[in-house]
Every structure is written in structure tokens, then in C-alpha cells.
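You are given C-alpha cells for the same protein chain in two forms, set apart as structure 1 and structure 2.
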Structure 1
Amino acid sequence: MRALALALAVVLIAIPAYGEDLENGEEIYEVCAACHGPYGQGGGGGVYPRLAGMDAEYLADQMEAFKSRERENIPMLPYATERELPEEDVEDVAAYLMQIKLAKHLPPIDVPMDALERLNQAKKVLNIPLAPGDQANGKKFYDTSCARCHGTQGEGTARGPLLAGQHIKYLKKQIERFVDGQRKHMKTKRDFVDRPATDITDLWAYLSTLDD
């Protein structure tokens, strides 16, 4: 019995927390693509965030927060319900999004292709325009205040979302929501409002370089 218990424990540990049905996740995401883009690259000129490549555990936590109304988001209201998005679907779509890799640049044209094929390639590219500011100061701010949760290169973790390759317009809106108390953040709003405005501007400048 002891040997059997150990064997079962190994099997359970080997089962991934996410990714059991990526095909289901892709099918579910078709509903989300209208706002977040067909490849999870974001939409609305940066109004809707990039989701591609985000940590699956973080994404699942946020979807559960939408469902519980802990995080309020009006566009998500029709979809973030237990009926429309049960837990197993949350895990599948989160895993699907995590494995999407967006290109940073258009690939070279090595073989003849028509304009439509090239256009489809372009849709899979996400390169954030450089924001003005002091990138070195922005990096210093990021390293001391943000990297612990968001990763040393802005790659995201289960505690904080991916910031590298995220739309600056969207990030600015989230800071406003943190300060206004509309969205929870591990830091207090004083961590943002007590800083010189140039620090925040420089942070955008640095973050805009992380997908280059």
C-alpha cells in the first residue's frame, strides 16, 4: 500500500496544473478575441490588454476575480460568470494564452507570398512604440519597485502580470485605477502619487523597450 501511495503521488505531481485541453482553450478564446485580438495581442489601440504569454496562474486568478466582482470590469460582465466560464474553462483558456508567442518583428520574405499572407504575418507581430522619458531612471524604478512581482525582464509571474510588450496606454489606465482605488494593488496609492511624475513617465519609457 505504501508503494502504491507513493506511485499515485508521483502521478498526481506529474499532472500539469494547466494545459489539459488547449484546443478547448482556443475555442473559448474565440469569444475574447473580439477585444483582445485573434492572437491575444490586445486591441482598441491599447485599450484592451495583451494577454498572450501571460502566466496562466495569474490569468486564472484575474478571471476568477472578474467572476466574483472583486475586480470590476463592465465589458467582462456578460462572460465572467460560472455558467459562461466554469473553472475548467478558465484553466484551459489561461493555459492556451500562456503558450502563445508573439513575434516582435516581421519575418524576412524568404519565399514568394501574396499580400494576404504577409498581412496575416503582420497581425501576429506586436512591437510597442517607444515612450518618451529617461529609460535608465525608469529601469532603476522598475528594478527596485516592480521586478519582484513582474519578473526581472517584465516577463510576469503568478503574482504580477507580464509588462514587457504590454500596451502603455493600458498600463497608464491601470495606474489611474490603482490610485483611485478601483483596482487592488500590493502597493498603496501613495507609492505612486508620492513619487515625482517623471518617475512614472520614465517607467513607461523603460517598459516600452522590453519587447525590443
Structure 2
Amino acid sequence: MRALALALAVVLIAIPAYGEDLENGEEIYEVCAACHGPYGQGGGGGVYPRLAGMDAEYLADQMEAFKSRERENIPMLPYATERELPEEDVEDVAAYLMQIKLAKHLPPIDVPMDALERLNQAKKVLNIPLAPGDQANGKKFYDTSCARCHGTQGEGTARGPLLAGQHIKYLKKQIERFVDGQRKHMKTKRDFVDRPATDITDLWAYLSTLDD
């Protein structure tokens, strides 16, 4: 009897308390794709942010912030409600998005592939166009003020989301929101206000190189 109880306990421990359902995540994502692109690469020239490959916990936190209206997002209001997207669905869609890998370049033309496959591969390419500015000055600013949370290469860490490979237009809008107080950004608002505007321009110039 004790052996059986022990065996049972081992089995119970082996089963994860909650596993994300990627298929459900993919299904939920269909409505999001209209704005965020079929592979979560973003769209509208950066009006809609890239979501693919972002940290699932970060994505889920933002969805919660939209639901509670702590972070305002009018286009997403109909989608970010408890009824449309309960907690489990948020976790599933976040896990689904995190595992999507975008490409930086088109597959070489000599790689054998049928036309449809090539078209699908092309849709997965996200390459941020170079932004004008002094990249070296942008790097200095980034390394001293941002890297510890957003990663040395802008890849994101547990303390902050990825910035490399995100649409610059979207990032710019977020900084405006941080400055006018519409969105919270740790304690670093002063990083954006107490410095020459060219530093921010240079920051975009540098960040736009990081996904190459």
C-alpha cells in the first residue's frame, strides 16, 4: 500500500499543474492576426507591434494591463476583455506567440522550395529598416541606461521586453506615452526627458541595427 501511494505521488508530481495549449493559442491568434500579422510580425508600418518571439510572461502582463485599462489600447478594447479572452486563453496565446521564430532574411533563391512555401517564408521575414542618426552615440546611451533590463543586444531579459527587432514607429510611440504618463515605465522617465532630443533619435538609429 505504501509503495502504491508513493508511486502515485511520483506520477502526480510528474504531471505539470498547467500546460499551455499551443493549438488553442494558434486558434485564438487568428483574430489577432488581422492587425499583428499572420506570424505575429506586426504590421501597419509599426502601428501594430511585433509579438512573435516575445517573452510569454511579458505578453500576458500586457494583455492583463489592457483588460484592466491600466494601459490604454483603444483598437484592442473589443478583444481584451475577460469574456473574449479569459486568463487561460491569454496564457495559451502568449505561449504560442513566444515560440514563433521570425526570419531576418528571405531564404536564398537556390534553396529548393515550392512557391507557396516561399511565400509563407517571405511573410515570416521581419527586418527593421535602418533609422537615421548617430549609431555610436545611440549605443552609448543604450548601454548605460537601457541594456541592464532590455539586454546587451536588445534581446530582452526577465526585467524588460525585447527592443531589437521591434518596429521603431511603435517604440517611439511608447516613449511618448512614458513621457506623458499614459504608460508606466519603471523609474526611468527621466532618461527620456532630461536629455537632448538627438539622443533619442540616435537611440533609434542604434536599435534599428540590432536585428541585422
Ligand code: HEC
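For residue numbers, the reference is structure 1: its sequence is counted from 1. Just so it is clear, the structure is predicted and the values come from calculations on it, not from any experiment. Superpose the two forms; the largest set of C-alphas matching within 1.5 Å is the rigid core.
The chain as displayed in structure 2 is taken from the form predicted together with ligand HEC. Once the cores line up, the CA of residue 158 ends up 2 angstroms or more apart between structure 1 and structure 2.
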